[in-house]
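Considered here are two forms of the same protein chain, supplied as structure tokens in two stand-alone entries, structure 1 and structure 2.
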Structure 1
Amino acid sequence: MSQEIEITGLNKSFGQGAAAFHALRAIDLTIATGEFFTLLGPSGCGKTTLLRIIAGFEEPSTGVLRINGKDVTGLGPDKRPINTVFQSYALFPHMSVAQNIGFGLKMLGKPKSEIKATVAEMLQLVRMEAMADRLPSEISGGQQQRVALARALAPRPRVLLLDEPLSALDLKLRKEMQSELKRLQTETGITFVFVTHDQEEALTMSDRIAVMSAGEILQLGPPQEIYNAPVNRFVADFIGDTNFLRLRLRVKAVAAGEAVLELPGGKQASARLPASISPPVGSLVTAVIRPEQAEPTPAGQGEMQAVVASATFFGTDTHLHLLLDDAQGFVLRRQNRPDQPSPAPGTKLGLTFAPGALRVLED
């Protein structure tokens, strides 16, 4: 697969000397042609700065940026085959939906016949043919988002950058637009680079995710890998809900990438041990297990014993907040059934989990 974007040795600092703020540090990154790629991280991690550098709105302090093999590091936004959709849709209020979509093509000097055909194609793509003549004030927020996407897609850029475009939408509409964005990217084949702090958006739409913190990429990979095999505590904590346990390492290198940990209550269980760390036998390590990767069993059975502290109902599932034998907290996520009441506080139960669910992390 060809590489659409190649970033090498990219750094970005604001200010000079000791007072300088280092927004990006030693970023090396490639994004494949036709990929839905997401930059994920908390506010201030550098993801929007990186997006703006790709767009040409910011210049890197050092480093090289190539698009489709061409060095564009010093080129302005208008010289790059890129369009951007921002949080604010910035539609022209006096123009109709169709006129908004065709505006960029008009500025590029395209023939009227081509503009008309492309606008019709984009309206069909975003399923808004019936609203072509409406003003932005006459359509919903989700429909305005579709118009902004259609306008950005109309010139057929090689890359579409999306800077938290769903953040202003309510929850239900945001979920609908997640599916819509993925559909549009698949149908057009355009490379999407998406910026968000919302882990659910990243997991549901992306081919690959770069998790960022303090100007660095901490982990890069497909959603399943990021979720199931986080490289450190930050990634494990930021992506999804996670139980962190302090457990003692009893046997190391039982097999390649495995160790044996002592669980609360005294039983032992195998855990994945990353090659990047080598804690001494007998030391306390941080282990993680996702709430949905453990199963309740009758009291006295399973790998660990627990007492229910409280239960939180979420509709599709219930989160059981537990206390283990050594008083460490543990959250168990259980799928709801109509005939299954939540256990009362004080209820004793056991916990079991599949091999590989328990994982040791770097501290």
Structure 2
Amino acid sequence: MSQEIEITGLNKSFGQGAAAFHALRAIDLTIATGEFFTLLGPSGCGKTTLLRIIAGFEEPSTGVLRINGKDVTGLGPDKRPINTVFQSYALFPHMSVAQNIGFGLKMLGKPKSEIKATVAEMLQLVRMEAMADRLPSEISGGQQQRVALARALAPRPRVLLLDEPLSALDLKLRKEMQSELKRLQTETGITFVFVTHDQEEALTMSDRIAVMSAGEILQLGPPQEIYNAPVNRFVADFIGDTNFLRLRLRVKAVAAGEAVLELPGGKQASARLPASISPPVGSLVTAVIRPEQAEPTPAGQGEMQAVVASATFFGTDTHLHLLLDDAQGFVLRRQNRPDQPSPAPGTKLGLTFAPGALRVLED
């Protein structure tokens, strides 16, 4: 697979000297052709700045940006084979849907017949044929979203940038557009760079995710890896729900990347230990386990013992808020089944989990 976007040693700061704000620090990143790549992080983490630098709306303070092997640093947005779907859609209010979609091609100086054909094709691609002559103010938010997509796709860019494009839609429409986006990406084969703060959106759509915080990329990998093997506390906390436990390290490096921890109640369990950290034996470490990766057992059995403090019903499943033997809290996700009512507060139960579910994390 060839490299579509190549970013090396990129820094971006706003302001000068001691008052300077470092929006991006030492970003190195390659995005492959045809990839659905997501920049994920809380607001202010630098993901939108990075997107704006790729689009050409901002210049990096230092570093190089290559698109399809060509250095585009210093080129304006109108000189890059990249189009953007804006968070606010930014549809031109005085132009019809068709004129909006055809704008990029018109600016590229394409002949009228070609513009007409491409616009028709794009309208069909986003299923908006019936709306061609409407003004943006005359269509719904979801339809505006489709038009914004079609407008950005019409010039056949090498890369499509999407800046939180689904954040203004309601939940049901958002779900629809998620699969729509994925379909469009597969059909067109264009590289998508998607910016979001919604971890679920990132997990369901992306080929790879870069989790960002404070201007840095903390972890880069496929959704499964990000979810199952978060590199630090921030990533574990930001992606999905997780239980953080303070546990004592008993044995280090049983095998490569493995350790033994002492659980509340005294039993010992093996946990994965990333090679990057090396806490001393006998010290307290932070370990994580996902709420759905532990299972309830009858009281007295399993690795840990717990008491149900409360339960929250979520439809498909119930979150049981438990207190462990040493008073640490633990959330257990239990799928709802009509034949198994969820245990009442005060119920004692045991907990077991698959080997490898428990991970030691860098603090």
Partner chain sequence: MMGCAVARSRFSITRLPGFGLIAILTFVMLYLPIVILVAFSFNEGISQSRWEGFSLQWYQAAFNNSQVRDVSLRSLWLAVTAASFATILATLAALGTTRVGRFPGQTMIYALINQPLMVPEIVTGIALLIFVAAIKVQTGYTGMGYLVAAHTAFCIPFAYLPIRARLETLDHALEAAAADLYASPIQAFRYITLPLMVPGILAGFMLGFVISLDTVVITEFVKSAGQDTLPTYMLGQLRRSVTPEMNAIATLFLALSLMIVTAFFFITRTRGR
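Rigid core here is just the name for the largest C-alpha set that superposes within 1.5 Å across the two forms. Structure 1's sequence is the ruler for residue numbers, which start at 1. Just so you know, these numbers come straight off a predicted model, no measurement behind them.
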property	result
Answer for which single form is the form predicted on its own	1
Core-superposed comparison between structures 1 and 2, Gln16 Cα displacement 2 Å or beyond	no
Core-aligned CA displacement of Arg233 at least 2 Å between structures 1 and 2	no
Residue shift check between structures 1 and 2, rigid core fit, Glu129 Cα at least 2 Å	yes
Inter-form CA displacement between structures 1 and 2 at Asp339 - rigid core frame, Å	2.7
